[in-house]
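A single chain, nothing else alongside it, follows as structure tokens in the form predicted alone.
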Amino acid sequence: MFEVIGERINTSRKKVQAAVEEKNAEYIIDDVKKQQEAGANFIDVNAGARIGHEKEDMEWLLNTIGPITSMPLCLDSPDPAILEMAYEMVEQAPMINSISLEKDRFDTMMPFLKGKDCKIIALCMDDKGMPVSSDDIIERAQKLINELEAVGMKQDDIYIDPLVQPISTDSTKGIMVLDAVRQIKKQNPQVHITGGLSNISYGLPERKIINRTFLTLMMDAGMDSAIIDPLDSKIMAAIKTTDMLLGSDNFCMEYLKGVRSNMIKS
């Protein structure tokens, strides 16, 4: 079944940043509960927006969220020191967001990951920048997988982000990432595919329709996870419906549950 990484607890969001500054635990707790009820599988926690306050903000958020949910968290920071602190604070094995092939990030993250019980989001980015072809994405993904396996990570714990790019500037960007995802999954069936989807629609009108449609294509290609807002009922409905149509929902039980809860409706 498709896994949803709830993206809302991020201090780049104005309301979340205000809640963190004011130590408004009620707002954070309410948001996490809503994401959980909407079907999130992980809660992403990013405290990086307030420069100079990331450590204290991450610590406060984890102390606020930890007691009210048994859901695993996705610890989101480019700073291994922050991640080390956060890793020690959580009870369940977390997801880590993220590593890439960019030398500075790769060289600092690999020692952190060695021996850790966690899942990892791995971005297909290197020092040359964004990938420019399907082969680029596939080559980078395979290098990430090989390096992560070398430090003891199982393929089932690796979540490759192929880096979706805007179709408004290049009409081949959608096909490029779809082709790459198919090949990555063919070569590494146990590896997961994740990432944000909204870049595909950047610069175009009616972006949510584009994002939902692209999501169904990506799921057919092999994407089985995404970093999204689980309170967007239409994209959640698209996920459950596509899961069913792709044969991942035994006896259509999750789809029917979504209909009964009014999440899925015409």
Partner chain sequence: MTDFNKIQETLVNLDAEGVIQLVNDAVKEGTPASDILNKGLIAGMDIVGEKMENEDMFIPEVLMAAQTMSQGVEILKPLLGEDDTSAKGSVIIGTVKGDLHDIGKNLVAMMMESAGLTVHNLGVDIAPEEFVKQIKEKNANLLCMSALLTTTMPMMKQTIDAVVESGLRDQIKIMVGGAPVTQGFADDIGADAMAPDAGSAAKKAKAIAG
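Positions refer to the first chain, counted from 1. Since we're looking at a predicted model, the values are computed, not measured.
Here the subject shifts to the form predicted together with its partner chain, a form of this protein not shown in this document.
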Joint contact, 72, 93 and 183 to its partner chain in the predicted complex, by non-hydrogen atom at 4.5 Å:
no
Under a 4.5 angstroms heavy atom criterion, identify the one residue in 136, 157, 102, 147 near its partner chain in the predicted complex.
102
Answer option from 189, 129, 111, 152, heavy atom within 4.5 Å of its partner chain in the predicted complex:
129
How about residue 204: is it within 4.5 Å of its partner chain in the predicted complex, going by heavy atoms?
yes
Does its partner chain get within 4.5 angstroms of any non-hydrogen atom of residue 49 in the predicted complex?
yes
Do residue 166 and its partner chain come within 4.5 Å of each other in the predicted complex, heavy atoms counted?
yes
Should residue 125 be counted as a contact of its partner chain in the predicted complex, where contact means heavy atoms within 4.5 Å?
yes
Candidate stretches 204-212, 64-72, 232-240, 26-34, one within 4.5 Å of its partner chain in the predicted complex by heavy atom
204-212
Would you mind checking 60-94 for residues with a heavy atom within 4.5 Å of its partner chain in the predicted complex?
78
